[in-house]
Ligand code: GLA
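Single chain ahead, by itself, as structure tokens, in the form predicted alone.
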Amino acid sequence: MTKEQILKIYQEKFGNDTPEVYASPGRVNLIGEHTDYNGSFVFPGAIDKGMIAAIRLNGTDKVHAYAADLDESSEFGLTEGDLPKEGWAKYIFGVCREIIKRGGEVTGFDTVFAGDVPLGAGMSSSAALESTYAYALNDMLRLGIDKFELARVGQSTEHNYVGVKCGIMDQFASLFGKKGHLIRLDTKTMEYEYFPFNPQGYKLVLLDTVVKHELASSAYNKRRESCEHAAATIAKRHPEVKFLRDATMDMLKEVKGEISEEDYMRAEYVIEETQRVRDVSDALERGDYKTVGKKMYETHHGMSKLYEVSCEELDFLNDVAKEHGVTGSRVMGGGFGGCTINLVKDELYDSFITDAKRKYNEKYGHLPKVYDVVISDGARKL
């Protein structure tokens, strides 16, 4: 949706005032999956799809919000007892509450928002929504909160008002995104670095399986426990190891007899994935997209066979990519459904997409969704 379209809807809902307009993007993660809770690296980039909101302070202590895509309205106050019943409104309310908890004075406002981040495809539509309002309120009310703290506002909103114990990557990418660059974030130290990502002659495309397998949240917690157990066992011999990120394969091999086979496999994946992120960093510095692609395939294999968070549909799309000579392909996000992210040479793009859709439809009875993405800027005022 354009700035003009959102202003038009705002004026239909709230009269002829001129609100401010803000936008924040969704994100992709090139490599570094299930590494954030292991103190390791992630490698996200903001994309050219996100949320856009028109906002005007209304001089009251009430928020009037309209979700244009859903054609739903919500009205709520700003005290802890005012939690709205609409799921989407909880994100906006949570952002207001988290800013207030940090000493920021938030007043009522009228707002309309819409988005083109596909829901449930693993591109972080919720983080885009949180970042839009965190950035906008900070700017409009001149609160002086730095961008890192705004990312934590979004993360705390998920924890405290939505019930999702997420890491910080999604909100971080939405706020810190930079056109033509990916960001390597060290989740242990919170240091970050921009890396150029301008793959001339390639497209970045997501293929959405349009499936979500139910075991995702319990399986996620189980894998987290496996990693923590492996790290704690290694730490008995190597006290410097706080997270799996600090461990080497040699250290893991030393404790092979002391942990379960499952814990060993999970830890092996994380240690190898940490190294892959370093390899991709070096490759991007050289503009070597062939190596980037090779590492993406290795990640898919690790997530499928060692971490076991892929699923039949994702593996199928990964195989089709391989058959077509696609440079890189892997499952993106938590797994158990969602998307593959693919780095595709321009000349292979049409045949790959056509074939993937046809074969997937033949096998599963429905088409995958296709999203072309371009690495873009983070949260901003339009």
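Since we're looking at a predicted model, the values are computed, not measured. So that there is no doubt, residue numbering starts at 1 and follows the sequence shown.
The same protein also exists as the form predicted in complex with alpha-D-galactopyranose; that form is not shown, yet it is the one meant from here on.
The stretch that touches alpha-D-galactopyranose in the predicted complex, counting heavy atoms within 4.5 Å, is 166 to 174, out of 232 to 240, 166 to 174, 139 to 147, 108 to 116. Using a 4.5 angstroms threshold between heavy atoms, Y220 counts as touching alpha-D-galactopyranose in the predicted complex. Of the heavy atoms in G334, some are within 4.5 Å of alpha-D-galactopyranose in the predicted complex. Contact annotation: G39 falls outside 4.5 Å of alpha-D-galactopyranose in the predicted complex, judged by heavy atom distances. Residues are counted as partner-facing when one of their heavy atoms sits within 4.5 Å of alpha-D-galactopyranose in the predicted complex; in 130 to 144 not one qualifies.
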